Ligand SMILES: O=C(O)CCC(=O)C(=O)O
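As a starting point, one isolated chain is supplied in structure tokens, in the form predicted alone.
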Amino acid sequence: MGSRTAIHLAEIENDGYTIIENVMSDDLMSRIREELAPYCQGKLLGRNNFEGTHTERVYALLAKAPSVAEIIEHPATLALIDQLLPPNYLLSAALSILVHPGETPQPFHYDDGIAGLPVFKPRPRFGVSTIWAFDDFTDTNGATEVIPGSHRWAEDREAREAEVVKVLMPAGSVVVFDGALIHRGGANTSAADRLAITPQYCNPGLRQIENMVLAVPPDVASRYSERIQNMLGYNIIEPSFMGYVDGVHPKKLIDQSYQGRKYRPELPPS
């Protein structure tokens, strides 16, 4: 593990987040913007103050903007996430967020809550989120706002405005944060848009926020790397067999020639 990686990991453990500056190329940003353009025409604004009534969100990104895969599996972030989550972790969500002028602050929230289950903070880490900046995150254009240290708080402790820290970073940068960190999208009081993409990752035994194997069906998933396919859910949890489909490895859905592993008595044949 490199010294920079160790520093970023320490910041996540202590503050709940870390910023990696200038790791996305101009070429990649341009390609992703071009692929997103047909879905960002100012017609499908948010349905409530969480999505943002002056914000356009694009879901199922890997079915619409294939270059997004390059940030989902970017080595700068995976070097951290590989240390923060168990092996075989999943892509829980991946969406773009285009915040227009006039947007108000989101409600405070954290990303890795488990709906319907009595599992409260503080607790083991369930997920890690990232937010990639396609425009400079400034003091006025809706930069993400975080509450440092709140990933360690008890469930009933509420965030106060005085505790807010704005995540200010240049375009091409990414903030990586613990899924339990309290945060929100800020108000956009500027005259410019602010675009970001947020891939979120979760423990392999949890249900993903977005149903990825429906959002990115087998014929689309087959175009991506094995790492992306595994994060979508076309895999099983080793050494168990959680995730199988009709008794076989889900890789069969995207690769008919996949031979799988040799049969062992404790596993179904693949």
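All residue numbers are counted from 1 along the displayed sequence. Being a predicted model, the structure only gives us computed values, none of them experimental.
The same protein also exists as the form predicted in complex with the named molecule; that form is not shown, yet it is the one meant from here on.
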Check each of Ser173, Ser150, Gln106, Thr77 and return the one that places a heavy atom within 4.5 angstroms of the named molecule in the predicted complex. Gln106
Exactly one residue in Arg227, Arg57, His54, Arg31 has a non-hydrogen atom within 4.5 Å of the named molecule in the predicted complex; which is it? Arg57
Do Arg184 and the named molecule share at least one heavy atom pair within 4.5 Å in the predicted complex? yes
So in the predicted complex, does any heavy atom of Ser92 sit within 4.5 Å of the named molecule? no
Proximity of Thr144 to the named molecule in the predicted complex, heavy atoms at 4.5 Å: yes
Does at least one non-hydrogen atom of Ile131 fall within 4.5 angstroms of the named molecule in the predicted complex? yes
Within 4.5 Å of the named molecule in the predicted complex, counting heavy atoms only, one of 68-76, 113-121, 81-89, 176-184 shows up; tell me which. 176-184
The named molecule in the predicted complex - contacting residues of 14-50, heavy atom within 4.5 Å: Phe50
